[in-house]
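The form predicted on its own is given below as one chain in structure tokens.
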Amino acid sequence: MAKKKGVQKSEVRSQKSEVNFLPCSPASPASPSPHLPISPSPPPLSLLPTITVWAIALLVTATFAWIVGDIIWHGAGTISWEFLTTAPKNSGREGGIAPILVATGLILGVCLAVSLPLGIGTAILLAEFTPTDSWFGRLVRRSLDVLAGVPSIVFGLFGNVFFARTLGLGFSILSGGLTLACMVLPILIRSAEEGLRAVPNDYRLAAASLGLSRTTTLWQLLLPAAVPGLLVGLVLGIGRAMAETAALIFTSGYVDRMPQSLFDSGRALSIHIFDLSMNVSGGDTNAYGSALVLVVLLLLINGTAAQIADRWLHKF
């Protein structure tokens, strides 16, 4: 019994000693443990890349806002229903831009009708049927990269010589649209190819394990999954085509009347802005209004493509 009492007293003493090490009250500040590592503040040089990236982003955004703000400030007062539905008068100083919009739409339609089938077909060939390390694939890709960097004036001279003179199309909407298709194809092909390559290879393996043919896999699985990449190339191509001036001067011409067919000459919106601002005195007001219409069209196209891509990703 004496031994048991001694053991119980020693246990009580040990419990009291453990309780004494606990903090007295929750209000008392806890002293930092000397064993916990203190994270040092990042050195100033490590913040330099982050600051540089943010500065570049803010500079680009501010430049875009300044340009768009200037166009809106000078061109908003010109926009009206009459401006959009009437023909130019007095060399463009008066009247509207209805024939200009029609010619721009026809040129863009010819460009897309030619470039989309060729671009997507070539992208499928490079991404799905050509090995990455083959000499043919490397040659085609390097050629497309070089063509994407060729100045537009070179494409304009080529279009004038080949489409306007050799093929006998003359200064026409068809010549301008075919020339723009040559300009858009490198961007469209490379963007579509990267979109197809971004599709996980598990899709292809799963389709092969189910016994699906390559054609069925391509049309039912790979192309729907690559729609966002295809839309990126399409938007970039449309943006370059609508804002192009130098190539269309030598192919579609300057005529500002309403085109009756694809073989008629037509003035694109970018050429109309260039002509009013550089060659027509007193045409700055309508030039700003035409520039505002062009910017709004580009923003609508980009926004629509972004919405389609976002919805398609959620659906797929």
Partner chain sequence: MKNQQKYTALAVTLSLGMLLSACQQNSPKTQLTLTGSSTVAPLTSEIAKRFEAKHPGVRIDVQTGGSSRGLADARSRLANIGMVSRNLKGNETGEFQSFAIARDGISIILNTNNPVKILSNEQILNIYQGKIENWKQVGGKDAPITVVNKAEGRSTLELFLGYFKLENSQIKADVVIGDNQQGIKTVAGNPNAIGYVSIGTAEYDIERGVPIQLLPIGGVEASTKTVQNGTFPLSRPLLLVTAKPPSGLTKEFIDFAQSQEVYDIVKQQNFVPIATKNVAKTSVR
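Remember, it's a predicted structure, so these values are computed and weren't measured experimentally. Residue numbers count along the first chain shown, from 1.
Below: the form predicted together with its partner chain, not depicted.
Taking the shortest heavy atom distance, is F171 within 4.5 Å of its partner chain in the predicted bound form?
Although its partner chain is absent here, F171 would touch it in the predicted bound form, with heavy atoms inside 4.5 Å.
Can G253 be called a contact residue for its partner chain in the predicted bound form at 4.5 Å between heavy atoms?
Answer yes; at least one heavy atom of G253 falls within 4.5 Å of its partner chain in the predicted bound form.
Is it the case that S80, even though its partner is missing from this view, gets within 4.5 Å of its partner chain in the predicted bound form, heavy atoms only?
Output for S80 is no: heavy atoms all beyond 4.5 Å of its partner chain.
Although its partner chain is absent from this view, report whether N160 comes within 4.5 Å of it in the predicted bound form, heavy atoms only.
Output for N160 is yes: heavy atoms within 4.5 Å of its partner chain.
Could you work out which of I67, M278, I51, L58 is the residue within 4.5 angstroms of its partner chain in the predicted bound form, going by heavy atoms?
Checked against the cut-off, the match is M278.
Answer with one of T85, S143, T215, N90: the residue that has a non-hydrogen atom within 4.5 Å of its partner chain in the predicted bound form.
When its partner chain is considered in the predicted bound form, the option within 4.5 Å is N90.
Out of 72-80, 146-154, 193-201, 90-98, where are the residues with a heavy atom within 4.5 Å of its partner chain in the predicted bound form?
The contacting stretch here is 90-98.
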